[in-house]
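The chain below stands alone, shown as structure tokens; this is the form predicted on its own.
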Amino acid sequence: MKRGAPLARLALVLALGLAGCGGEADSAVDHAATSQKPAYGDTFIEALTGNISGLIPNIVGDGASHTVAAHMYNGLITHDRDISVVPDLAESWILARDCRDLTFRLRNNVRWHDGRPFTADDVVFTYRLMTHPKTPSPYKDDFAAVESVHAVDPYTVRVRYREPYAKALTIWGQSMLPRHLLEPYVAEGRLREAPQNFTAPVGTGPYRFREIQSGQKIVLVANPDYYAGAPYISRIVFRIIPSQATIFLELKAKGIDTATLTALQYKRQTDYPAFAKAYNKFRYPASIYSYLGLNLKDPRFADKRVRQAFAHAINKGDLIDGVRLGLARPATGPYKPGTWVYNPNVRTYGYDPARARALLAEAGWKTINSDGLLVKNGQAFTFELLTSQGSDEGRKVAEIVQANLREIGIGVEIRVLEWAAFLKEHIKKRRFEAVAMAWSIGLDPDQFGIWHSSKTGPDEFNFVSYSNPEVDELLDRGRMTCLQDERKRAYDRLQEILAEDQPIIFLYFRDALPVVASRVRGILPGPIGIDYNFTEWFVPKQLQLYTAG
């Protein structure tokens, strides 16, 4: 029986309370996995800090939705422990040297959860869905370079690109969707209304949808017909718990099997024998950076000098020590230190309140009122900073930013919002002045969807409304070549410009700090993180706590 097609659907996700993937694990390999015979059964309980926005992953951008959907869908390719591209629904492929012609040979033993066979028609349909003008997807630009996709036969798909494309192969990690269920909704522009988006999702993955109780829980059950063999853990229950403090209480009470710890919890509040017996802790550099986002349509923030002033005013050392207890490293841009694409030679902004005040004065913020606030044209410099309810880290970042900016004469009012409302009413509608958030970045360095000036729509990721013609050109160049050295030159320059422009204030890259119940075996940490091989996780029979029903 073949096992272990990795589950990672690495996409750009908005969050400040989610574990990331990437980097070497700092925890020991689970040696018990190699000495015990895997067993079927048991339930795995995971906490989500926010409700899902949908279960068709191709059209959602939030972490909770992707966390759940990753267990129910597959792409044609995926990534293994070492971040290498490996087969998933495609058993093999041929990519031409010029990166323009790509042929996939599909597995012939894959079925949708409703029993229908997965074929090349579903691949062609997924492509058409992703490029349909009425599809509200933040990922559709990945497929803009595709010239044609057609089914040669039921298990062969041929793709042609208009020009060389760096992500010619990796974009096909996008979840495949069922033509026989979704085609009418795509044509009518009603994909969000399809029952498969919330109450009846159908994928090809190792877990099937069982039920949802909105705002409370989502239940998945093992797919006995999964092409790679049924996963060992019989059921996954996602409990929606909006408070990280409550999640930690549930963790200590053994009410959940996994969670992402805060730095304080990791270093100080879990260092006792009972916790060490109940859970295994992991630590590795995450592909997530925290930032202060500014609405660049606001005239105050449109001035680059103001943004640079903020960068000098915010003490990253205090943030890393105070919020992360040292379990992070400063961010100078959107790429993780230590990766091939990272450029260490960009402008940096040391903590320098005097320089910050000078930059603000150059921008016209010279007068101070009786409250100690800077004033320009009769208006005091104050703004509202939004963060999400489920993230203690986001709140702490906001509080330090508030204190730092108050020292240079800027007033900040913090407003904490429930995650779904935060996204729907403020991010999508661009109804914000500033936000404390984080980006989870993918494995490929292409960030067209975040920084390109064409990607500012309500369902797209450039929600700060950044626009720079040279950045647009560099993003185009970086994705239209297969040669890594050419991409490196484009992205090095991109980082130089972003460091100068500070379209957002880059704060820090954090470490991922997940814990997993110690009864769970088969966890093998790697550069990609820990959950890439969830189908191989198991609980020995004598340690199982639940019966799946």
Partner chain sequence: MGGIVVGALVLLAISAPVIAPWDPNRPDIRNILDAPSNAHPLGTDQLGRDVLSRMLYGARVSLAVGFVSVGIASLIGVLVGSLAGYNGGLTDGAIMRLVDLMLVFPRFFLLLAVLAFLRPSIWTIMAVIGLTGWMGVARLVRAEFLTLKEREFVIWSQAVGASGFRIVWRHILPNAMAPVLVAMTLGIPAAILTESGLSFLGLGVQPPHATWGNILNEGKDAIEIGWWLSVYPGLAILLTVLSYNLLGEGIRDALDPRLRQSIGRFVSRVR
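The shown structure was predicted, so the numbers you read here are calculated from the model rather than taken from an experiment. Positions refer to the first chain, counted from 1.
Keep in mind the form predicted in complex with its partner chain is missing from the figure; the text below concerns it.
Checking 125, 118, 226, 248 against its partner chain in the predicted bound form, a heavy atom within 4.5 Å turns up for just one residue: 248. A single residue from the set 418, 91, 298, 101 has any heavy atom within 4.5 angstroms of its partner chain in the predicted bound form; that residue is 418. Residues of just one listed stretch (335-343, 366-374, 400-408, 107-115) have heavy atoms within 4.5 Å of its partner chain in the predicted bound form: 400-408.
Heavy atoms of residue 264 reach within 4.5 Å of its partner chain in the predicted bound form, making it an interface residue.
At the 4.5 Å threshold, heavy atoms of residue 382 stay clear of its partner chain in the predicted bound form, well away from it. At the 4.5 Å threshold, heavy atoms of residue 183 stay clear of its partner chain in the predicted bound form, well away from it. With a 4.5 Å cutoff on heavy atoms, residue 268 counts as touching its partner chain in the predicted bound form.
Contact here is defined as any heavy atom lying within 4.5 Å of its partner chain in the predicted bound form, and by that definition not a single one of 330, 452 and 510 is a contact residue. Heavy atoms closer than or equal to 4.5 Å to its partner chain in the predicted bound form belong, across 316-345, to the residues 318, 321, 322, 325, ordered by sequence position.
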